[in-house]
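The data below hold one chain only, encoded as structure tokens and taken in the form predicted alone.
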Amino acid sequence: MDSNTKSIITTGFKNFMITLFRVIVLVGISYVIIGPVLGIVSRSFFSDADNYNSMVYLIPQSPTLERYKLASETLDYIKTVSGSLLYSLSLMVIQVVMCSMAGYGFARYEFPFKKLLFGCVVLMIVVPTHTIMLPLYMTFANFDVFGIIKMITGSSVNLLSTPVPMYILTFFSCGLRSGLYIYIFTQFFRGLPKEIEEAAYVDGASTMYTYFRIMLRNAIPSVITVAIFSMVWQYNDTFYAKLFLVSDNLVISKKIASLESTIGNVYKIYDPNILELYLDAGIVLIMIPLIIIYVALQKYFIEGVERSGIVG
């Protein structure tokens, strides 16, 4: 066996081992992520007998849709999901517009304290929201704008138990994960050639026209990425919903938290193992809209992640 043959065999063996290692890592990560989801979906079809049968693991012997029926009735599924999706969609649209404008400003313009302000954006990403939950609560429990409201009405306004605090925070790019979205748009706009804008300015286009009609259109992959992130996180949010006491009919993730106790009280089911099956069915029901959205926009989502600088 000559040296060339040995070199080819050695190279082939190394490539095989690298490929095998990658497959093992990917399979392991996939199991950790997908395994619990498969377990939830499987248990949602379990009958009482399947739940107590030690021989049943993933595939039920007597599958039933009873869990879905009661979970759907208890959640008032169609009405609650519609309200939650509309609420999340409205916040998502505001978040995309405002965060994209902020990201465009950081990427293209020079202004005083630019680096300091961008540092604040990074702090929004790394600092846990729980650290400012008390100031946020007090701000909207006694909401006022430079004392103007109190001067006119005689007292501040309590905005709790309404979605208004979320809309205010989102409008000023301080809402849920807004720091991350600004960072994504900033990285994306920095990667676009400045010649596009210069050509538009030469043709007489204004700054706002150039932004909305040219730059934002070129940023569609990034827009879709942020839109999906925003939609999913707003849909699943419980922190802000509980902090501002937003109605359960607008935040289905809050309603799912009380599903077990509600079903137990209404239908007189006291076995915690059986109640957990109804919770699994409710979780599957609230995941369905998100899965549909992701499948429909998967291509654009992956492209946006790759071009926005999140990975790599």
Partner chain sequence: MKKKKTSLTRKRAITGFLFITPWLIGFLWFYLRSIIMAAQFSLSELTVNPGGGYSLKFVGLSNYLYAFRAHGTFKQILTTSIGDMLVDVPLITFFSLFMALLLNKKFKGRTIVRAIFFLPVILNSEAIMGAMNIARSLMVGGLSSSSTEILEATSNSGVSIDYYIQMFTALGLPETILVYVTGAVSRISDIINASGVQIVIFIAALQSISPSMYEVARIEGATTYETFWKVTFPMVMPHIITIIVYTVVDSFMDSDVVDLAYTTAFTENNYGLSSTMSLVSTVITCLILILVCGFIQKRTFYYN
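Residue numbers count along the first chain shown, from 1. Here the rigid core means the biggest group of C-alpha atoms that line up within 1.5 Å when the two forms are laid on top of each other. From a predicted model like this one, the values you see are computed outputs, not experimental measurements.
One more form of this protein exists, namely the form predicted in complex with the partner chain; it is left out here, but the text below deals with it.
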Triple contact flag S82, I152 and Y181 to the partner chain in the predicted complex, non-hydrogen atom at 4.5 angstroms: no
Residue stretch of 74 to 82, 216 to 224, 88 to 96, 135 to 143 approaching the partner chain in the predicted complex, non-hydrogen atom distance within 4.5 Å: 135 to 143
Exercise: R108 in contact with the partner chain in the predicted complex, heavy atom 4.5 Å: yes
F16 within 4.5 Å of the partner chain in the predicted complex, heavy atoms: no
Touches the partner chain in the predicted complex: S47 (any heavy atom, 4.5 Å): no
Residue contact check: V202 to the partner chain in the predicted complex, 4.5 Å heavy atom: no
Sole residue of I59, V266, I34, L65 within 4.5 Å of the partner chain in the predicted complex, by heavy atom: I34
Interface residues of 75 to 105 toward the partner chain, as seen in the predicted complex [heavy atoms, 4.5 Å]: M98, M101, A102, Y104, G105
Cα displacement of S253 between this form and the one not shown reaching 2 Å, rigid core superposed: no
Core-aligned C-alpha movement of M287 between this form and the one not shown reaching 2 Å: no
